[in-house]
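Quick heads-up: it's one chain on its own, the form predicted alone, in structure tokens.
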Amino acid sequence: MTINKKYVVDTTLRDGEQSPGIAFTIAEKVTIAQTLDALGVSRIEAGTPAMGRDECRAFEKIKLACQQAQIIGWNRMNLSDIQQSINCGADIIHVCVPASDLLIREKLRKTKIQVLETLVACSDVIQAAQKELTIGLEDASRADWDFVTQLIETARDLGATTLRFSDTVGIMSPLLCKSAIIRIPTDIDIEVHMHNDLGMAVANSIQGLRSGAKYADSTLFGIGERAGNCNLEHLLIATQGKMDFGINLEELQWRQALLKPLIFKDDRLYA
């Protein structure tokens, strides 16, 4: 049996910290990042430097503490946010681009043309800083596919190395996930970011990987906004013998157990 090589982007410190009742100190963030790095996680989404001084301090300490993983700074499509990530030394500058009509109209209050123009301006700053650019399509699962196609072509033309397809409100099924991912051209790496509102984050992530994605976003214990994200442990269990993420399952389980009291300070949060 052929074992496919795939990669994990851990977002415990960014999306995971958006879980109700969960918050980390700077020292706790560094400990979590060091654990992920030791496990062999290839990319760590370490936070959003634009959130302020403490987030920047945490980000800089994480960057110094990690030996292997690439450290990602998450950003809104905003030049000020991006400059903060560059200043903090992020290896990868991730730009989140609202893709659905609803978010473009109600969240950004921009037109689609303005979205594309702003993305180009953001890319110029990132390229000038000689940083790796990745682009995330927020709410892609509810977006008009013609505009998704425009965003994919723009991302490729701007030199983005990876395109994140986000099921932001967790509405996809594996079948829908497959039908979307196989439509993305193969000349850019694909990353899937699946939420667990319908309990499908792990299944959708696996289907995304089977359909051509190179990266899957995940978190420790599956924590994350609302119902959470793809659970890294469950992802490894479900893909044993079929996909290789470069992470030992038993090591993950004992290292994750050590972090449990740090992540779930209130036992009632962990069921």
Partner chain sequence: MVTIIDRTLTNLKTNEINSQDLNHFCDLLFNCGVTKIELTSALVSQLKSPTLAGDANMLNHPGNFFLVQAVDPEHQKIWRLEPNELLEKSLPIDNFSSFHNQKIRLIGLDDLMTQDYPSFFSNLLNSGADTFDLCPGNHNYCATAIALEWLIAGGTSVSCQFASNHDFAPLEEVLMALKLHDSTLFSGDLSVLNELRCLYEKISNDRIAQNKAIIGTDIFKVESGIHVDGVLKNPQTYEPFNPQMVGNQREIVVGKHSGRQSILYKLKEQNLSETATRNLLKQIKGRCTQLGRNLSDWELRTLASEVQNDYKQKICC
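Worth saying up front: this structure is predicted, and the values here are computed from it rather than measured. Positions refer to the first chain, counted from 1.
The following text describes the form predicted in complex with its partner chain, which does not appear among the structures shown.
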| property | result |
| --- | --- |
| Options 182 to 190, 161 to 169, 143 to 151, 112 to 120; stretch whose heavy atom lies within 4.5 Å of its partner chain in the model of the complex | 161 to 169 |
| Touches its partner chain in the model of the complex: Ala128 (any heavy atom, 4.5 Å) | no |
| Non-hydrogen atom contact Ala33 with its partner chain in the model of the complex at 4.5 angstroms | no |
| 4.5 angstroms heavy atom contact with its partner chain in the model of the complex for His234 | yes |
| 4.5 Å heavy atom contact, Asp157 to its partner chain in the model of the complex | no |
| Non-hydrogen atom within 4.5 Å of its partner chain in the model of the complex for each of Trp74, Arg210 and Arg226 | yes |
| Option touching its partner chain, based on a heavy atom within 4.5 Å in the model of the complex, out of Ala216, Ile62, Ala69, Val202 | Val202 |
| In the model of the complex, residues of 95 to 110 near its partner chain [heavy atom within 4.5 Å] | Leu102, Leu103, Glu106, Lys107, Arg109 |
